[in-house]
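Given next, in structure tokens, is a single chain: the form predicted alone.
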Amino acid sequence: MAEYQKPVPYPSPETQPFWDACKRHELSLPYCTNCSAFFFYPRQFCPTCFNWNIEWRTCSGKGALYTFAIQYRPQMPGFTPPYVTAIVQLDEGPRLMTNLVGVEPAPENIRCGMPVEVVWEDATDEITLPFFKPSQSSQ
């Protein structure tokens, strides 16, 4: 695999199941068995009810664009502007910060609330990044 030019995350013990699932091209999030809710970012207990009974469940990978910004200057090395940073509201509830791909980064092409779906970028042998693109139903 060619050397990846952008920064990559360093998994922690709490986030390792998330990155392991991403490597399998599955979006998996922590789920509280007490209050029956997904949450993100990963941590050892539920941020809503503070219960420690957590399990990992696979999500649909579908959601809606909650908000976005078109970046005209690179915020980090390796990014070629313009590109879109975004927060996606998953169908299961949590919001993820990500990049919106597969669309021309222009305001007339992107709108809050548009349906999106996960796509994968295999960055390194260990890290696969979840990005989102407009879903077929939004085009």
Partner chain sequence: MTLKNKVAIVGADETDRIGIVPDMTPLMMHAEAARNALRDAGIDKSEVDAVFTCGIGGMASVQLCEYLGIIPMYTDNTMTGGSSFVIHVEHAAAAINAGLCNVALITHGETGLSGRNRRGPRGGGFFDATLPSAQFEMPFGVGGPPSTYSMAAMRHMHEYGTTSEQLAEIAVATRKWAQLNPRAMMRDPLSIEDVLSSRWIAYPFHIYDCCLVTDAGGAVVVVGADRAREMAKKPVWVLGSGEASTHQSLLGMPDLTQTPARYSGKAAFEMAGVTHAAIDVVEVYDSFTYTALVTIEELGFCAKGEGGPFLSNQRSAPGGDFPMNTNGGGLSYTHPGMYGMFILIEAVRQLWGECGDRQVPDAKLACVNATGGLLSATGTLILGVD
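Numbering follows the first chain given and starts at 1. It should be emphasised that the depicted structure is a prediction, and the values quoted were computed from it without experimental measurement.
Below, we turn to the form predicted in complex with its partner chain, even though it does not appear here.
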{"item": "Contact assignment for its partner chain in the predicted complex, among N53, T85, T48, T58, heavy atom within 4.5 Å", "value": "T85"}
{"item": "Distance check, S12 to its partner chain in the predicted complex, heavy atom within 4.5 Å", "value": "yes"}
{"item": "Residue contact check: C35 to its partner chain in the predicted complex, 4.5 Å heavy atom", "value": "no"}
{"item": "Contact of F40 with its partner chain in the predicted complex (heavy atom, 4.5 Å)", "value": "yes"}
{"item": "Contact flag, Y31 vs its partner chain in the predicted complex, heavy atom cut 4.5 Å", "value": "no"}
{"item": "Residues of stretch 95-125 in contact with its partner chain in the predicted complex (4.5 Å, non-hydrogen atom)", "value": "R95, M97, T98, N99, P107, C112"}
